[in-house]
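Just the one chain here, laid out as structure tokens, in the form predicted alone.
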């Protein structure tokens, strides 16, 4: 239930204020890093006739405008892929709406509204964007102590640049060692970030590209933070050929009509690409050592609650 006293307490909290100041520094460093690597920042898309299905394409926020039906953006995956027709490297700080189950309210990791640093690179491989992500985190953690010294001192956090290349673990190895819900168990055992590679196709979305010689296995990846902070980013290579996209949509049990406009676009040609998204609130939580992403932004919206 929404209480104004609770919202006021968070807005005036010293902890939240310091976390938001750290986040502001992170946004600035990220912009400098990616622009320096030849990326162009594009503006976010908030509503569209189609958006990321995210396992269940039926769970979506919708609005009607001029008699047309729009969905509220869950991620910029399709729009950044299409933007590569004009620009070879794009990034965006994209607001995402994801209607999470109410029981995730206490996870510390889930919000129904959050912001991703979302990027895509034309003609890139998974390994290309993995190296890019490693370089970004190394640059961020090298530069952040100089500009956010007071805030990091407040939180008692010392974040050192991780060693590169990051450790890589196959999905089947993670499941073997930690079970199907491996993310938090693995994260608690890590002392530096680690990659999870090669997820099974049934566990991810239709736009993640399959190995040509390993049907059912995807050329994708997640990055997992250490210290129990969980997922850092998710990404991979993209399906871009119309026939492959349609086959994957059908295998996921999704009505092709739900993605008519995207398929019409793919019919005229999409570039090969790879990319990823980094949740800014989760990154802030990790840097500051926060208990919950609710403390990593103003006006945070937990699943199953009403918030400003």
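Residue numbers count along the first chain shown, from 1. Everything quoted here is computed from the prediction, not taken from an experiment.
Beyond the structure shown, there is the form predicted in complex with a small molecule, which is absent from this document and is the topic of what follows.
Residue heavy atoms within 4.5 Å of the small molecule in the model of the complex occur in exactly one stretch of 114 to 122, 81 to 89, 148 to 156, 175 to 183, and that stretch is 114 to 122. Proximity of residue 35 to the small molecule in the model of the complex: non-hydrogen atoms within 4.5 Å are absent; the residue sits far from the partner.
Interface membership of residue 75, defined by any non-hydrogen atom within 4.5 Å of the small molecule in the model of the complex, is confirmed.
Taking the partner from elsewhere, residue 27 is found to have every heavy atom lying beyond 4.5 Å of the small molecule in the model of the complex. Among heavy atoms of residue 230, none comes within 4.5 Å of the small molecule in the model of the complex. Residues 234, 238 and 277 are all found to lie within 4.5 Å of the small molecule in the model of the complex, as judged by heavy atom distances. Among the residues 136, 195, 225, 207, the one placing a heavy atom within 4.5 Å of the small molecule in the model of the complex is 207. For the options 98, 110, 171, 126, the residue carrying a heavy atom within 4.5 angstroms of the small molecule in the model of the complex is 98.
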